[in-house]
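In structure tokens, the next block holds one chain alone, the form predicted alone.
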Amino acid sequence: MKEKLGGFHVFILIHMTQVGVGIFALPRVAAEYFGYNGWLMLVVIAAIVAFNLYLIWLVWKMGKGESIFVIFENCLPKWMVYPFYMIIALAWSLSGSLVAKEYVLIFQVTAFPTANPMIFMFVLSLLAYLLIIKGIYAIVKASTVFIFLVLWMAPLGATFINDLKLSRYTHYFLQEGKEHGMGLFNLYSSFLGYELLLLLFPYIQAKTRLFTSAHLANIFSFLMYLSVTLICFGFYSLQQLKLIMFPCIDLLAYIRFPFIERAENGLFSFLVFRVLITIVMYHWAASLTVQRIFKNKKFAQVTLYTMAVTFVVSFMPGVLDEVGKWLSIVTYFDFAFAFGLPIFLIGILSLQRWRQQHV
């Protein structure tokens, strides 16, 4: 009997894909672009994601759970669909590789300044590859283990309660910010990953409350982001927060254990489990898309070639700033696909329904 994903699996996959490297800089982004009480904008972002999930739910209902690839190929000729697939796959695969590169460079800066980042990235990519070729069910099982390996860190936020200053949550709202449009985009990029739900349709159990699980995952990710950002806004002054590149990592340095020194490096290492699932899911989505073009190739081969291409491309940005710029460009595509794909699919399904009614 073929395995199917339940609601709990969807919840874990969406949450683990959403929360990746973006959480490290999120409080700074909120402070830099929105100023005082910039954390409030997370509420707006979470609401936009909820609306986007509603669009994906419409695709699920109208298409009766059909694969999005089948919907495209039933309506459009291959010469139109295949180039489109290549663009999507390239964007998703690059997203996976650049997220890996960013994590590796942050790890190098904070823990191992003399280490070669590309060797570390190769090891991370190899782990991701071995997990991807096992299929989505193995990815879900790994995610279930990984989430418990990182969730134990959440209560550590309570250690900062005595250090928070209520005066820093001033009555000023969204002052001393700048370029709010760019700020919204940068905050939104931390929530991306949920759009890969579109590819999970064929793997879902028929009676699964798919979108209840997806919304709960989005709410859980939002609460996690909100708690971290609120702590940073109460712990640091606004000016300090604007200057610290990765406030979450800096915050870890203030946690002290009686039995270990420099605990922040160990704590940061645990976050690799979150990042790994983000990398895995984007590469899995890219490989699945490419395989629709090369149907005679095995999934493992397609994954290997796809990851190899973007691994080589990821050599080009050498420092964190460059990786951030590349990732921003790719995120524009991810953002467009997150909204554009459901709208396009709803249009196709509406047209098909109209034709059936008028035959």
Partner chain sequence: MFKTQYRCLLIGLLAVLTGCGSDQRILEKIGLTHTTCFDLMPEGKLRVTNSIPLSTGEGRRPREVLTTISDSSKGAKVDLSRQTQLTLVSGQMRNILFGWTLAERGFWDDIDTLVRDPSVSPRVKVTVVNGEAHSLIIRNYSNYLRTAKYIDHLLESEIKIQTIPKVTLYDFTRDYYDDGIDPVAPIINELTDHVKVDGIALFQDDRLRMKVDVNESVYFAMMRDDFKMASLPIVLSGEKEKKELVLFDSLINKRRIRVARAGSHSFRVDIQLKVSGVILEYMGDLKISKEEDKHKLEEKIAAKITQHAEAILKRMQQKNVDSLGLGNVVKSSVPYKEWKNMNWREVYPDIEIHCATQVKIKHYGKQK
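Numbering follows the first chain given and starts at 1. All of these numbers come straight from a predicted model, not from anything done at the bench.
Below, we turn to the form predicted together with its partner chain, even though it does not appear here.
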(request) Using the partner position in the predicted complex, report whether Ile133 sits within 4.5 Å of its partner chain, counting heavy atoms only. (result) yes
(message) Residue-level question: is Tyr36 within 4.5 Å of its partner chain in the predicted complex, judged on heavy atoms?
(response) yes
(message) Does any part of Val109 reach within 4.5 Å of its partner chain in the predicted complex? Heavy atoms only, please.
(response) yes
(request) Examine Tyr194 and determine whether its closest non-hydrogen atom to its partner chain in the predicted complex is within 4.5 angstroms. (result) no
(request) Could you tell me which stretch in 184 to 192, 93 to 101, 157 to 165, 198 to 206 has residues with non-hydrogen atoms within 4.5 Å of its partner chain in the predicted complex? (result) 157 to 165
(message) Checking a candidate spot here: are Phe120, Leu126 and His171 all in contact with its partner chain in the predicted complex (at least one heavy atom each within 4.5 Å)?
(response) yes
(request) Taking 4.5 Å between heavy atoms as the contact cutoff, choose which of Ser269, Thr212, Ser237, Asn74 touches its partner chain in the predicted complex. (result) Ser237
(request) Please pick, from Met80, Val145, Met153, Ala253, the one residue with any non-hydrogen atom lying within 4.5 angstroms of its partner chain in the predicted complex. (result) Ala253
